[in-house]
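Just the one chain here, laid out as structure tokens, in the form predicted on its own.
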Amino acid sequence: MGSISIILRRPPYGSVDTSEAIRHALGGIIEELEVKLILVDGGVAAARKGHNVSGTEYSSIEEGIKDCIDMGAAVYADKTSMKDHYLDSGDIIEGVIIANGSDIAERISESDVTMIF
């Protein structure tokens, strides 16, 4: 079994990056890869609980993150990025792992492939 790290740097709405990162993560799981979805910079906002997309054209990213976790992907949120975006552990989806930069770097170095969104 191979492994892939998918790094999401952009906020969850306003571009297709988050949706594409989640789509690739789910595809990796289906292909029996070990998937690590890593949220850094604005990407940590994808891990926020209670996305309210009513009145918009967007689908909730929260459900996609939960699906990744439920299907076996490890989802990491960068601790420094969370602080920069005013998030704490109580604000994020259950099952998201809060990690520091060196832990994230180690997870990435263990992967066969890395994708950045």
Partner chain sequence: MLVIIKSAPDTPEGKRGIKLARDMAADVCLMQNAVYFSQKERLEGFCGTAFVLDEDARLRGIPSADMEKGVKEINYEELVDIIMKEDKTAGVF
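Residue numbers count along the first chain shown, from 1. Keep in mind the model is a prediction, meaning the values are calculated, not measured.
Not on display, but discussed next: the form predicted in complex with its partner chain.
When its partner chain is considered in the predicted bound form, S89 lies well away from it, no heavy atom lying within 4.5 Å. With a 4.5 Å cutoff on heavy atoms, E31 does not count as touching its partner chain in the predicted bound form; it lies far away. In the predicted bound form, its partner chain stays beyond 4.5 Å of every heavy atom belonging to G64. Mapping the unseen interface onto this chain, M71 falls outside it, with no heavy atom inside 4.5 Å of its partner chain in the predicted bound form. Shown without its partner, the chain has G50, H51, N52, V53, T56, Y58 in segment 50-67 as residues with a non-hydrogen atom within 4.5 angstroms of its partner chain in the predicted bound form.
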